[in-house]
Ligand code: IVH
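Given next, in structure tokens, is a single chain: the form predicted alone.
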């Protein structure tokens, strides 16, 4: 057989073996035979580079580096669903859908909602060509080079599938693969991932696809679209995907189910609320959809959410496990946070070993003792926290947990101001985690956006004593950066280029980047608008600062106190000498005051703006952004996927619902 014919035959054979092994769980060859065939193909492809195929089975192992992931517009907006947490809200959702549908007895599809990263796969002429992350819902990053390493993902469509197809799904870590990944990181002395979702998200954005392949991501698909062959129903689309070799939530063992009414939907939800810890993958709920596509189209969308689909979120899981220790972490502002060290326990698909205890008052309220059996809950299914103690199981002579008196890093006695919940380390100029935290905050993308310097580099610079303040980063220069171990010519050039680019970052972000306590992004914008020059801000009194909208006495005192410190005055002078923006720029072209005096809360995903972009548009036209709905809110600026609690609060308070198109018309941006 000619080499090129053998290459084609091996590719077909290995694709089939991959499908039988990973999708249908019915392998027909041994691992050794599979490896032999794969090695044969690798050798032949090396000998014949002219027939390179990015979708070859050999590409499953990854290879090469990807520096930049291309941003690509979605063919269809990739939107989030509205959430519900109760059967009463579910009944109301089903009732509304039935009233609007032509058939009052709708058929429903229910399937588990896996806790991972949403992905959109594009197939053209039967080949996988793109894999887009959700991004802002309008465009996402093309991570196809990494998705090709996932064994369950077909690289080619079978002949009976439409040649052009979009498949959507969730990239996840199965529990076993996640544990193996963290075991590898422990052995290498690296920080472990907190949960499978974060690990999956970080892995998809890795530049080295060979490392991605080693981590063994998995995928489950949940939707398909084809203009060539439209699907009549959601369940029919999933059946077709399964037949074409895609991994779908199986009907046995009941990961998905067709339901005739709300009672059957609730039976499905109740079953998995009790059984979800037995799953091999993390899940945070289920997705419920009207099954027939024509009914979906008839129900359509509103400014609030799709009328034909909703995500039901399970209540937070709890587990009881022994408390081993309480350790203390120091943040960039000097705030000291106690962290409980636990006997590892599985919770919502994650092995939990640490949990928040918040502060000294919470420790006293719980009456914590080392060795206590404590109840742990995942707040919002993400951050573990201790909620209660099983005092009946307390060991004899268990020592009481007493909040630390000294900083765990520098030994300075801790302080707690009257009315404050947290203790603080006052040694802000010499406490290592505070120094590192302030510099990491300064270079963060939402602050000065210095992407040529990473967290590990900051740690090394501080540990070496070369950097104590952000201005030191600029003073290092090419010669200083070149002295840093493992920092080669290209790394030096990237660091210098990023620092140079930061000189154009607007004044309000410079103010936020300084890390003044209580001055977040929103407050920094308000202050920059009212006090447009850093020199004026340095001279402002607390009375003048409290006249700024949303700036109360606590924030004003924090700013005035920071500006009064001689070391901070020297730091501002050094940053100014380096060319950082110290005054507010002129209003952008097209800005207006048409929204003056109006307060907006932004929620959901938008077709023409990113979340930050639409907030900037509100402020450019004189409006004010608030973080939560209240009686002072004038408008809820709503995209797709607004949460039910925010919606209900807005309706109860009579807050006007403003769609994206209404907003664009208001500010004169309807092109």
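Keep in mind the model is a prediction, meaning the values are calculated, not measured. Positions refer to the first chain, counted from 1.
Another form exists, predicted together with the named molecule; not displayed. Remarks below refer to it.
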Exercise for the section: Answer for residue 114 alone: is it within 4.5 Å of the named molecule in the predicted complex, judged on heavy atom distances? Expected result: yes
Problem - Non-hydrogen atom contact residue 222 with the named molecule in the predicted complex at 4.5 angstroms - result: yes
Problem - Partner contact for residue 518 in the predicted complex: the named molecule, 4.5 angstroms, heavy atom - result: no
Problem - in the predicted complex, residue 148 touching the named molecule (heavy atom, 4.5 Å) - result: no
Fill in the blank from the handout: Within 4.5 Å of the named molecule in the predicted complex by heavy atoms, the stretch out of 331 to 339, 179 to 187, 389 to 397, 75 to 83 is 75 to 83
Completion exercise
From 438, 509, 215, 289: within 4.5 Å of the named molecule in the predicted complex by heavy atoms is 289
Fill in the blank from the handout: in the predicted complex, the residue from 262, 505, 242, 118 with a non-hydrogen atom within 4.5 Å of the named molecule is 118
Exercise for the section: Kindly confirm or deny that 327, 408 and 459 each have some heavy atom within 4.5 angstroms of the named molecule in the predicted complex. Expected result: no
Fill in the blank from the handout: Contact check, 122 to 154 vs the named molecule in the predicted complex, heavy atom within 4.5 Å, ordered by sequence, gives 134
